[in-house]
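In the block that follows, a single chain appears as structure tokens, in the form predicted on its own.
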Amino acid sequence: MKPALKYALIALALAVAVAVPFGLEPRGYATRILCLVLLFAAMAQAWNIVGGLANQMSLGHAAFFGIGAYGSTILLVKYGISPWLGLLPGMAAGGVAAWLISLPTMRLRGHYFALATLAFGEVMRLVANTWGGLTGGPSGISVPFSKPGLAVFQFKDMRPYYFLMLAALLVVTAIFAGIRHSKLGYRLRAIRENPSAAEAIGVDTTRTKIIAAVVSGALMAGLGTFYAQFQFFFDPDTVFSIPAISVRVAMIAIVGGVGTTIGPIVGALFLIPIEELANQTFSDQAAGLSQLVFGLLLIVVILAEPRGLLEIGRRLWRWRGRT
């Protein structure tokens, strides 16, 4: 694709993204779903730094997400610190947690690494459930209501949340793109293609992957703060959930196009609305049927093109050019 056309399409996509919420009910269900699409696209993009560029299949990103959600909310509830300020120590805590878990696990590969990160996420969920004096335990924790405004990260309707989620997605995507085209990104892709060859030419594979994990974990924790302020209430089984957070963000990136800049965005636009539609359509008919339909759809997409929807789009574009 020519650069001029590429930038024109990006500008058009941004214009559409900005205009869409003005055609919807500010407090409506559709606006809320779009907020979740943007948030999960940003989360999948943060995961993409490790899972896409370094090919490290992390299933523990819910741990960083939950750390960010609880960190900023606890600071708000107990000390009255603004979520915007609480965002920073939450991101720092997420980055430190990613560093600590990476030290013993980044030498692992394949399913060994995935299982190790999954165990870390589950440990964090158990800690949050047990430490009731700080986290509220299984009962969860609520964000105290304040007079709506940007300073307190609370609003009367969904539109401000939508634009904040959009801004978060743009920031995370810019960071991903910057890393992808930097020396760090080239090292990560060299590790993804052939770790032994990367080491042979002088790449410190463990250190490189740890740096990527720290950035990814910090961004994921920051997005946890956005989720907490958007939902107002959450518990350990929600924010530290392996299926709802870790597996979902990985699936969004994989289905959209893992390792690419716009793959997580495409994946979120495809998966989140379809998941909600399946829940709305089948939830009253048979328990679990919505998840079965959703799972079958994912299998069909992955079998059709393992590299994701983005590659399917590229195929159609090339086919169009030949006709």
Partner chain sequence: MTALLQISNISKRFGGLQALNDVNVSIARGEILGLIGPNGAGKTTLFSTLVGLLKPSTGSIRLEGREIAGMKPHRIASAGMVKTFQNVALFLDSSVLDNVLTGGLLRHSVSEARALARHCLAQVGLSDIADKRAGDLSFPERARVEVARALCTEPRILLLDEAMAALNHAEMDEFLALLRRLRDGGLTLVIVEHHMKAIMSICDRLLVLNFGRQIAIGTPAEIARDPAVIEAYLGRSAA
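Numbering follows the first chain given and starts at 1. Everything numeric here is computed off the predicted structure, so don't read it as measured data.
Beyond the structure shown, there is the form predicted together with its partner chain, which is absent from this document and is the topic of what follows.
At a distance threshold of 4.5 angstroms between non-hydrogen atoms, Phe163 is out of contact with its partner chain in the model of the complex.
Using a 4.5 angstroms limit between non-hydrogen atoms, Thr173 is distant from its partner chain in the model of the complex. Among residues of the shown chain, Val215 is not one whose heavy atoms approach its partner chain to within 4.5 Å in the model of the complex. The shortest heavy atom separation between Gly133 and its partner chain in the model of the complex exceeds 4.5 Å. The stretch that touches its partner chain in the model of the complex, counting heavy atoms within 4.5 Å, is 186 to 194, out of 80 to 88, 186 to 194, 163 to 171, 67 to 75. Exactly one listed residue, out of Ala177, Val96, Val152, Val203, brings a non-hydrogen atom to within 4.5 Å of its partner chain in the model of the complex: Val203.
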